[in-house]
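There is one chain below, alone, in structure tokens, taken in the form predicted alone.
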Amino acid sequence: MASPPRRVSAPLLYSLASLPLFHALPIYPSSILSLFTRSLSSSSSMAPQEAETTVAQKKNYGSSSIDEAPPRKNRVTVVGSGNWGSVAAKLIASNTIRLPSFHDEVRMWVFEETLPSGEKLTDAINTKNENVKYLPGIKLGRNVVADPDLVNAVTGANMLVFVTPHQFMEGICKRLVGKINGDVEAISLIKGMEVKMEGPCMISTLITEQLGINCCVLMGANIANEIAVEKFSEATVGYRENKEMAEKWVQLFSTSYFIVTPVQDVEGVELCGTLKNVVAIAAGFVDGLDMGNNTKAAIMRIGLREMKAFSKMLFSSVKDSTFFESCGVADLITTCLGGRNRKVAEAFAKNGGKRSFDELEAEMLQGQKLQGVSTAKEVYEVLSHRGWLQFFPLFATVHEICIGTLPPSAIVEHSERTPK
């Protein structure tokens, strides 16, 4: 009898690419993507395919014995309903409907707005099964239920997915204090941080300290609109100690087109997702001034270097390998090539810095929020407070351009301030 096929891990796949035999194989682009996806899926015990069940099996789950109570089903609430929040709800809903360990329904907290038609955004989402303002044309799944009441939305949920602009998170946490149980688990998809008198506070830490619950993070090369139409993408889940919980998050988010990998490095994963937006602002300045791809590549390289240095100076536990995950170099690349931060920064530079980011944000993003400008300010405050400004010339220059102290063209002049 033939032996079962050997599972090929992603690192092995990369090493095979260097062999002459590999290059001789007649593999076409679509085959490469299929092989890559299969190798990632088979290398992890958390692949969603292994947990698939039919609707009939799901209905009969736990009914084999009257004496055996089925395990508690996980109930998920998504806190946030913008562009990325709506995509996250779509991913999650596609999995909860087919996995027996989850309740079908996915509640999504919506900051209520009135649409130009006079209809409430929540009503529109529940009626049309799509977020007509922030993700038009994309069906979220019939099991997604929008709720404008934050406390009601999280009541009964034991898995909370936070995905709002980071500047709103402290207020959201304050509203939830005492409203959720200690056994609730959270994950943050938020790319930003809070800066307080005592220093920087990561959003995952804010959630843990304010609500008394464990919080993982999910970051990656994830332009929401591309994932919404199911183009292939990756992401990284950062966790601290509970690998079993990390596996549950991986299972909840993973699909055939969205591959998720766990990494034991919450701070590293989260800081990658946070800091790359500052570099994307710099890349947008380069595009707006038509400086070319060589300049943009240099800015991205310098930006990655500063991301790594800043992260490790704040948290010695941050791993070098994290920067080579999807949350690191991949997210940096995709955000500097596309995404809202690069787009608005390009417009800012084309206007010579004469139109503010607030004005451009309101005009170009239709209610969505920039993260890069506020993060650049927060990073600058940390650098200034700790006396590190001279070590991070790119980060410092981005903020100074954003507030009008320097012109956009100064983005390439920062090299004169590069430390030895």
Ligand SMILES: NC(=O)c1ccc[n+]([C@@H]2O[C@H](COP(=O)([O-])OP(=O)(O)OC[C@H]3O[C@@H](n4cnc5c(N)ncnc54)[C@H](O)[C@@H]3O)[C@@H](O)[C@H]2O)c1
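The numbering used is simple: start at 1 and walk along the sequence shown. Because the structure is a prediction, the values reported are computed rather than measured.
The form predicted in complex with this ligand is left out here; the points below concern that form.
**Student:** Does this ligand get within 4.5 angstroms of any non-hydrogen atom of residue 163 in the model of the complex?
**Tutor:** Residue 163 belongs to the contact set for this ligand.
**Student:** Counting only non-hydrogen atoms and a 4.5 angstroms cut-off, does residue 111 reach this ligand in the model of the complex?
**Tutor:** Heavy-atom contact with this ligand at 4.5 Å: present for residue 111.
**Student:** Is residue 257 close enough to this ligand in the model of the complex to count, meaning some heavy atom within 4.5 Å?
**Tutor:** No, residue 257 sits far enough from this ligand in the model of the complex that none of its heavy atoms falls within 4.5 Å.
**Student:** Is there any non-hydrogen atom of residue 232 lying within 4.5 Å of this ligand in the model of the complex?
**Tutor:** No, residue 232 is distant from the partner.
**Student:** Of 90 to 98, 223 to 231, 247 to 255, 278 to 286, which is the one stretch near this ligand in the model of the complex, taking non-hydrogen atoms within 4.5 angstroms as near?
**Tutor:** One stretch meets the cut-off, namely 223 to 231.
**Student:** In the model of the complex, do 303, 397 and 399 all put a heavy atom within 4.5 Å of this ligand?
**Tutor:** Checking in the model of the complex: none of 303, 397 and 399 is within 4.5 Å of this ligand.
**Student:** Please identify the residue among 189, 186, 332, 349 with any heavy atom within 4.5 Å of this ligand in the model of the complex.
**Tutor:** Filtering the options by heavy-atom distance leaves 189.
**Student:** Just one of 239, 323, 84, 310 has a heavy atom within 4.5 angstroms of this ligand in the model of the complex, so which one?
**Tutor:** That would be 84.
**Student:** Just give me the residues of 321 to 346, first to last, that have a heavy atom within 4.5 Å of this ligand in the model of the complex.
**Tutor:** Read in sequence order, the lone residue that approaches this ligand (within 4.5 Å, in the model of the complex) is 340.
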